[in-house]
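A single chain, nothing else alongside it, follows as C-alpha cells in the form predicted alone.
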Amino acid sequence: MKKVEAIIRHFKLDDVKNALSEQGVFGMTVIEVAGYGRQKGHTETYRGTEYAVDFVPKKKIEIVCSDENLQKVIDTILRTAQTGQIGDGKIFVTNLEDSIRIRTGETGQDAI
C-alpha cells in the first residue's frame, strides 16, 4: 500500500476530486495548508497598502491506495492539478505498513 500526499492549488481541488472519482478512487482526506517553495509568496494590496503574503494557501490531499493503483492516482493528479505555472504543488509517495478500519477491524487492503 502507498500513501499519496499532494499539495495543490485550492481552486483545483474539485477537478482533482472528480477526476479521481472517475478513476474509481473514492477515499481521500483534504486539509487546508499554507506554505511556500519557489513561488515564495506574493503581495496583496488592501486599502491602498501592500502586504507581503509569505505563506500561500493550498490544499493537501491524502490518499491511500494499492501499489497497483499508484500510477493511476499520480497520473490523474498530475493531469488535473497542473496549470504550468510556478506554485502548482508537489506529490509525495510513502510506503504504508498497514491500515485498519476502526468499525470492522479489517486490516491491510481490505481496510482501504
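Superpose the two forms; the largest set of C-alphas matching within 1.5 Å is the rigid core. Since the model is a prediction, treat every value here as computed from it, not as a measurement. Residue numbers here begin at 1 and follow the sequence given.
The same protein also has a form predicted in complex with a further copy of the same chain, omitted here; what follows describes it.
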Check: Are any of the heavy atoms in residue 66 no more than 4.5 Å from a heavy atom of a further copy of the same chain in the model of the complex?
Finding: no
Check: Should residue 99 be classed as touching a further copy of the same chain in the model of the complex when contacts are defined as heavy atoms within 4.5 Å?
Finding: yes
Note to self: How about residue 72 - does it come within 4.5 Å of a further copy of the same chain in the model of the complex, if we only consider non-hydrogen atoms?
What the structure shows: no
Margin query: Residue-level contact is defined here as any heavy atom of the residue lying within 4.5 Å of a further copy of the same chain in the model of the complex; does residue 23 satisfy this criterion?
Written below: no
Checklist line | Sequence-ordered residues of 1 to 18 touching a further copy of the same chain in the model of the complex, heavy atom within 4.5 Å | finding: 2, 3, 5, 7, 8, 13, 17
Next item on the list: Kindly check if the Cα atom of residue 52 is displaced 2 angstroms or more between this form and the one not shown relative to the superposed rigid core.
Entry: yes
